[in-house]
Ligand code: C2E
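Form predicted alone, single chain, as C-alpha cells, below.
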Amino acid sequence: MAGDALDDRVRRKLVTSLYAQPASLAIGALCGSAAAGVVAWYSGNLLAIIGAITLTAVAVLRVATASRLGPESARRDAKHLELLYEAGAFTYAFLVGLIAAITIGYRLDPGLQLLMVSYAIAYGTSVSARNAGRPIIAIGQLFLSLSPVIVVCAFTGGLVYAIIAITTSLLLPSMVSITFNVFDVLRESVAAAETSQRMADKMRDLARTDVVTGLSNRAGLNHEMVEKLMTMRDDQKLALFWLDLDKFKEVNDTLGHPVGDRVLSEVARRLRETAPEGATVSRFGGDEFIVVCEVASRGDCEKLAGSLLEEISRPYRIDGERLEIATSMGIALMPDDGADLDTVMQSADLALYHAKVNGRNQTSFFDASMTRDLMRRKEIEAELRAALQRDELSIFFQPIVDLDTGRIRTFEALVRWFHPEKGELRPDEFIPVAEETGVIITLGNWITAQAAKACAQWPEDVTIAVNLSPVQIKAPGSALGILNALKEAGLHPSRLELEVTESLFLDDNANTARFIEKLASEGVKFALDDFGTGYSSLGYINKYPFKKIKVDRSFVSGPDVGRKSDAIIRAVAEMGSRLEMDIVAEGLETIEQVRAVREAGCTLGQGYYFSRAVPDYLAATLLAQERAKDPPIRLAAG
C-alpha cells in the first residue's frame, strides 16, 4: 500500500511536470512534424502526406493542451491528466513509427528512410528515459514508435533491413530495463525528498511548539501572528492578552517541576477552551501566556478578559493537592495601542507590568500614561545608579526613644536623595523603582555600610535599625554582605537591628529562614515593621527570632484612631511583654499620643514629637546632649 501511494505521488509529479513545461513538448513536436513534413514533401506519397498532416495536428493539439493546463495541473486530478497525456503521447508515437514504416515499405528515398527511422528510434529511446517516472507511458511510447519499423523491416527482406529489425528489437528490452532503473532511482529520490520534507516540517513544528503545553511557543506565536495580520481586514481589531501566573515559582519550589508542568498544561487547556475559535494561544515562556484574537470592540475584549481570568483562577487539583493560582493580565488592542505587532506586544507587556505593580491578580488595559510612567521610572533608575557613584545620597537618622527613661535606644537609618537639579526626591519615588530594577541590592548594601559606620561612633548602648527589602534578602550572599559591612565598620552584630515587613514572608520562606537564621546566630537582631497593616500572622512572631515589633503609625495617628486601635495596641503590647519583646509605637506627634501608647504598654516610641530624621552629626549631637543631662528628657523636634 505504501509503494502504491509512493507510485501515485511519482505519477503526479511526472504528469504535473509534463504539463508544466509545454516548451519541451513543443520542441519535440516541432522536430517530429518537420521530419514527417520533409518525407511527405519530397516523396509525394499519399500515405506519408496523410501521416504528416495527422502527426502535425496531434502535435499542435498536445502543445495547446499542455499550455492551457500547465498552470492548473497541480490542482487537477492526476489520473485524468495522465489519461489525457497518454492519448496524445501514444497517438503521436504510433504515427512516428507508422510514417517511418511507410518510408521503408514503399521503398522511398534512402535519405528519407534514414531521417524518419532515426527520428523514430531517437524519439522512442528519449521518451523511455524522460517519462520513466511512469513506466507504462514510457514503454508504451517506445513500442508504438519502434514496432512498425521492426515489422516492416522483418517482412521487407534483404540483409540490411533484417539487421535493422534485429538491432531495433534488441533495443526494446534494453530500453525497458533502463526505464525501470530510472524509475527506481526517481522513486527512491522522491521518497527521500518526501522523508526530508517530513523531517523538515516536523523540525519546524517542534521549533514552533512548546513541549510542555503543546501550545505555540515564542517562534510559533510570531509565525501565526504574521499570518493573522496578512488576512486581517482594515476595520478589524486585534486583542492581545498577556497573562502571568502570580508566584508560580512557589509551585515548582514546593511541589516540584513535574507538578508545575502539569499545572502549566492545565492552564493551557483552559485557555484553549475559553479562547474564541480562531484565536492564537501561546506559552510565551516560563509562566507567561499570550492569547491573540479578533474582537469587535473594547467591551467584548473586557468580557473575554474576565472569562480568561475567571477560568484560570479556578482551583487546580493535582495529585490530591488543591492549588489556587492568581493571574495578572495586560491587554493591548491593535490598531488602538499600536499599528504593528511589536508595538502592540510592548503595550501589552507594559500593561502587564502595571497590573503586577498594582498588586497582582488583576487586569490592566494599556494606557498612554503607562509609557510616560515607564520613562520616568527608567530615568529615576539611571539617575539613581549615577547618584550612588556621585555620593548624592545621604543617610539620616531618626531616634527611637525609651518611653520610660526618655533616652535614645536606637536610631533608624533612612536614606535621603538630594538631586542637584530636582531637589530632594521622596523615598517612595525611588525606592519602588530600586526594588523593581534590582538597584535596591546595591543601595541596601550601601545604606547598611554607612549606618554601621555611623553607629560605631556612638555609645555602645545605642543600636542602629536598617530597613531591608525582600529583594535584598533573595540576593546571593546577602547575609555575608551584611556581616562584612559590620566587620569593616567595627560594629558588633548585636548593635544592628534589621527591620522587615510581613510581606517578606509571602515569598520564598526557605531563603528567608536561612537568611534570618544565619544573621541571628551572629547576634543580629530583627524587628517586625508595620505590624497590623498587611498579612498579619502570629505565626511569624512564633517562628522567627524577633526582638521588637513596630506598631504601624495608622494605629497611633491615623484617621481611624479610636477605641479599637487603642485595644489593638494594648493587645500587642501585652503580647510583647509576655514574650519579652519591645513594642515600638510609630508616628508619635503629640504628648497625648505619647502618653496613650505608654499607658497601653508600648516600651518605645518614634515620631516627630521626639525628632525628625537628622544627619549623622546631629544624631551624635543629640546623643551628646542626652548624656550631658539627667534623664528623663524630652528631645526637641528638629
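Just count from 1 along the sequence shown to find any residue number. All figures in this text were calculated on a predicted structure; none of them were measured in a lab.
This protein has a second form, the form predicted together with the ligand, left out of what is shown; the following refers to that one.
Worksheet entry | Heavy atom of residue 246 within 4.5 Å of the ligand in the model of the complex | Contact check for residue 246: no, nothing within 4.5 Å of the ligand in the model of the complex.
Worksheet item: Would residue 286 count as touching the ligand in the model of the complex under a 4.5 Å heavy atom rule?
Response: Outside the cut-off, so no.
Worksheet item: So in the model of the complex, does residue 586 come within 4.5 Å of the ligand, heavy atom to heavy atom?
Response: Yes, residue 586 sits close enough to the ligand in the model of the complex that at least one of its heavy atoms falls within 4.5 Å.
Discussion item. Is it the case that residue 497, even though its partner is missing from this view, gets within 4.5 Å of the ligand in the model of the complex, heavy atoms only?
Written reply: No.
Fill in: Position in contact with the ligand when the complex is considered in the model of the complex, options 282, 472, 179, 410, heavy atoms within 4.5 Å
After the contact test, the surviving option is 472.
Discussion item. Give me the residue from 459, 490, 256, 427 that has a heavy atom within 4.5 Å of the ligand in the model of the complex.
Written reply: Contact with the ligand in the model of the complex is made by 427 alone.
Practice prompt. Work out which of the listed stretches, 25-33, 565-573, 602-610, 40-48, brings a heavy atom within 4.5 angstroms of the ligand in the model of the complex.
Written response: That would be 602-610.
Worksheet entry | Within 4.5 Å of the ligand in the model of the complex: residues from 406-422 (heavy atom criterion) | Contacting residues: 412, 413, 414, 415, 416.
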